[in-house]
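Just the one chain here, the form predicted on its own, laid out as structure tokens.
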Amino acid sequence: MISDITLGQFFPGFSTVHRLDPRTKILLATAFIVCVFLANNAVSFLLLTLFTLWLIPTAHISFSVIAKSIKPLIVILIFTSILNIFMTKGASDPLVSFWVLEIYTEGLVRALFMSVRVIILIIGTSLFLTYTTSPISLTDGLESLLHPLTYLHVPVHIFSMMMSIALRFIPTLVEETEKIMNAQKSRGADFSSGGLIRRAKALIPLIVPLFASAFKRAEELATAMECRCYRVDKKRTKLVKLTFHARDVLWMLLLVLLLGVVIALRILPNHVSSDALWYRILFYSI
């Protein structure tokens, strides 16, 4: 499970998404997040799902990597889906009724939409940001977008550097965690059997050395930065100058169009009846 975590990893490539300006990708990810949270009907979710499926091969990221990014979320998705199924009440008669538990069509639909929302949110933001953008480029793009805040004495550079360091060390901490787990297993530690309390106690030999290693790495990094005379209060030059191209404008127009369609589907007066038709197709034609 630890080796399946792909959060924060960067996969170099030469796809169209890779070659976008990092500022463009940050704006695209923001617009995509807004689209996902504004979607409230079946047509919108279908449109966002198709867009996400098209984005995966466009970014030249394999579906196995995408599956690994979703795998750690399966338990959370199942738990929240069960809560939505049994806690959502509907206007019509329940589909299933057992003791005090009742399952309505609305509960199944809400659980389905919630799961789809989380999945496409994780995939879309990862494709626009960490999977196709190096931490350095992401830091430069974020610092450039937030530069107007410097006139309000906001430490934009410090914030960007903290984010860059955090993203850089996520794969390192994952690798360190896997090494410590293998070392503890070779000494007889068991992390998979027993009840919840026993598993929590078994994690203590894992957490303590992991925190010690993380603090040691942080101290070494701070010392290395001080030895190189790193100063946050000085204006720094950039190795690569960020420039917008025609492809950046086209991608931003595409996301603006997608956002406009999602908003239109949300405010259309007849979208409720349209959803009812989708509910029937989804649950009564299988």
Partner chain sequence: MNKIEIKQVSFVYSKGTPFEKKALDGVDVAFEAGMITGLIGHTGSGKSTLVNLLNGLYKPTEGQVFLDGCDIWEHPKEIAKVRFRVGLVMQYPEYQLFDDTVRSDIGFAPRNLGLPKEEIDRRVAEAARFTGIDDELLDKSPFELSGGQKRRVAIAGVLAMDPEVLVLDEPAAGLDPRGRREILGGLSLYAREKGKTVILVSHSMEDMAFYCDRVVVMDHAHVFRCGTTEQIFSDPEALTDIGLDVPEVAAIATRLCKAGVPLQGPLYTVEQVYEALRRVKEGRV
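Numbering follows the first chain given and starts at 1. In this text, rigid core is short for the largest set of C-alphas that superpose within 1.5 Å between two forms. If you're wondering where the values come from, they're calculated on a predicted model, not measured in any experiment.
Although not depicted, the form predicted in complex with its partner chain is the subject of the following passage.
Please tell me whether any heavy atom belonging to H153 falls inside 4.5 Å of a heavy atom of its partner chain, as the geometry stands in the predicted complex.
H153: no contact with its partner chain in the predicted complex.
So in the predicted complex, does any heavy atom of K185 sit within 4.5 Å of its partner chain?
Residue-level check for K185: yes, a contact with its partner chain.
Even though its partner chain is not shown here, does L259 get within 4.5 Å of it in the predicted complex, heavy atoms only?
Answer no; every heavy atom of L259 is more than 4.5 Å from its partner chain in the predicted complex.
Close approach of R247 to its partner chain in the predicted complex, 4.5 Å, heavy atom
Taking the distances in the predicted complex, the answer for R247 is no, it never comes within 4.5 Å of its partner chain.
Contact check for L149, S164 and I263 against its partner chain in the predicted complex, heavy atom at 4.5 Å
Contact check failed for every one of L149, S164 and I263.
Going by heavy atom distances of 4.5 angstroms or less, which of T223, T243, T58, S64 would be at the interface with its partner chain in the predicted complex?
When its partner chain is considered in the predicted complex, the option within 4.5 Å is S64.
Between the options L145, I180, M114, V174, which residue brings a heavy atom to within 4.5 Å of its partner chain in the predicted complex?
Checking each option against its partner chain in the predicted complex, the one that comes within 4.5 Å is I180.
Tell me which stretch of 206 to 214, 81 to 89, 134 to 142, 166 to 174 has a heavy atom within 4.5 angstroms of its partner chain in the predicted complex.
Within 4.5 Å of the partner lies stretch 206 to 214.
Within 104 to 134, which residues come within 4.5 Å of its partner chain in the predicted complex, counting heavy atoms only?
If the 4.5 Å heavy-atom criterion is applied to its partner chain in the predicted complex, 104 to 134 yields nothing.
My question is whether K179 is one of the residues whose C-alpha shifts by 2 Å or more between this form and the one not shown, given a fit on the rigid core.
Indeed, K179 is displaced by 2 Å or more.
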